[in-house]
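One chain is shown next in structure tokens, namely the form predicted on its own.
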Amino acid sequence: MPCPPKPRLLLLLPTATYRATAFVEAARRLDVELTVASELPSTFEQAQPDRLLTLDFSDPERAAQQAYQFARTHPIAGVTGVDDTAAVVAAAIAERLGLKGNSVSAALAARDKHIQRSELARRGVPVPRFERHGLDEDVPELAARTRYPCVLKPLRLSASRGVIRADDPSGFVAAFARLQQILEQPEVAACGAWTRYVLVEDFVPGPEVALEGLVIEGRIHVLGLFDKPDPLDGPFFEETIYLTPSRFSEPARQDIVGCGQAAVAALGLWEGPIHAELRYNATGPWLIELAARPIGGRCSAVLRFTAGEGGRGNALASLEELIIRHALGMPLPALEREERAAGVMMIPVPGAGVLRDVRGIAEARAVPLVEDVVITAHLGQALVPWPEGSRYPGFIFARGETPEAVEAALRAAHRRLAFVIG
């Protein structure tokens, strides 16, 4: 008898992403067919028409029709996207093909910060007090009546790009002007009407945590809860270290997960990965952001899961393997993270300029508990600090018996690196 065909995953992968290798490797380990769809055509697409596809990411409905035509000759069993824009396109494709996924309205609510805030507030999820303002409004008048401290944000940019804290009216006017310059850059302004607005919300004090989860039939299955030991108090919000397991108390962790679950329900998310950012203080958890996609950059490598039922013997499964299994309806492992503590440092941008050299990589890798140091910036690349920038020059990974030991290893490795900028 002929073998049944392998299930095919349609992976929506924007060209400017770090995620390709991790998903390709996961698909290979699971022995599934993989078609990678991007917004720009590949020179290899004609040679591999079943493996590469170009979709119009700017128009989800058109992309869904394009995927439908592709699926007539190459049946698709599942679809997933790796960033905020791709998550909306994936939802449209899932609806068009009858696949597991979220509704387009839910994906849009997770994509747009103002829509998200409005839905969460309406459903009683604790979020900062917020207002949306147009770029054409009277900024000094807004500054005079705003409550401080506050945070100004673009509606849809990711990785904290354009997010600025203001502590007084003069700081508000300066932050507004700086964010407006970002939103009026040609590649941003071309993204749509949302670039003409700014979200202004109260600054929420307290430590920040990140919740990584897989939503199955509307319920969050927690894959990781990360502490962020470096204060994120502004004026800009470049992230650095993620550590898991969280050192919060069990009741606090339950409250954080409960807040995330309430947000998932409020937005109507039903299936797939989520990444949420929350703050925690004396009043409890506050939902800051929730995205219908997995953790960004190379950070997913910090998460490994016991294989269990449906897994690969004693091997550890990656986050990408879980996402692919879920999208294709394959058996899932126990969704339990390995016992050891783990962490990643998103290497801070050392300054503005052109990267000429990176020294001390071997010394950083030699630090006990450090698993790898990955420099993703290339020599000759312009490094742009936050809030205008959004890309890290690299990542450091460590694993050990305690979060404290992992944090110390990450910081020690970082001290051994030297970036030469010209």
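Bear in mind that the values here come from a model prediction, so they are computed numbers and not experimental data. Quick note: we count residues from 1 along the sequence shown, nothing fancier.
Below, we refer to the form predicted together with adenosine-5'-diphosphate (ADP), which is not included among the displayed structures.
Engineer: Just to confirm, with a 4.5 Å cut-off on non-hydrogen atoms, which of C259, I182, L157, A71 contacts adenosine-5'-diphosphate (ADP) in the predicted complex?
Structural biologist: The option sitting close enough to the partner is L157.
Engineer: Just to confirm, with a 4.5 Å cut-off on non-hydrogen atoms, which of E119, E271, E277, D83 contacts adenosine-5'-diphosphate (ADP) in the predicted complex?
Structural biologist: Looking at E119, E271, E277, D83 one by one, just E277 meets the 4.5 Å heavy-atom criterion.
Engineer: E208 versus adenosine-5'-diphosphate (ADP), in the predicted complex: is there a non-hydrogen atom within 4.5 Å?
Structural biologist: E208 belongs to the contact set for adenosine-5'-diphosphate (ADP).
Engineer: Quick check on W194: any heavy atom within 4.5 Å of adenosine-5'-diphosphate (ADP) in the predicted complex?
Structural biologist: No, W194 is distant from the partner.
Engineer: Spell out, yes or no, whether the shortest heavy atom distance between R253 and adenosine-5'-diphosphate (ADP) in the predicted complex is within 4.5 Å.
Structural biologist: No, R253 sits far enough from adenosine-5'-diphosphate (ADP) in the predicted complex that none of its heavy atoms falls within 4.5 Å.
Engineer: Under a 4.5 Å heavy atom criterion, is F237 part of the interface with adenosine-5'-diphosphate (ADP) in the predicted complex?
Structural biologist: Yes.
Engineer: Heavy atoms, 4.5 Å, adenosine-5'-diphosphate (ADP) in the predicted complex: which of 195-203, 218-226, 132-140, 324-332 makes the cut? Say which one.
Structural biologist: Among the listed stretches, the partner-contacting one is 195-203.
Engineer: Heavy atoms within 4.5 Å of adenosine-5'-diphosphate (ADP) in the predicted complex is the criterion; list the residues of 127-165 that meet it.
Structural biologist: Heavy-atom contacts within 4.5 Å come from P128, V151, K153, L157, S158, A159, S160, R161, V163.
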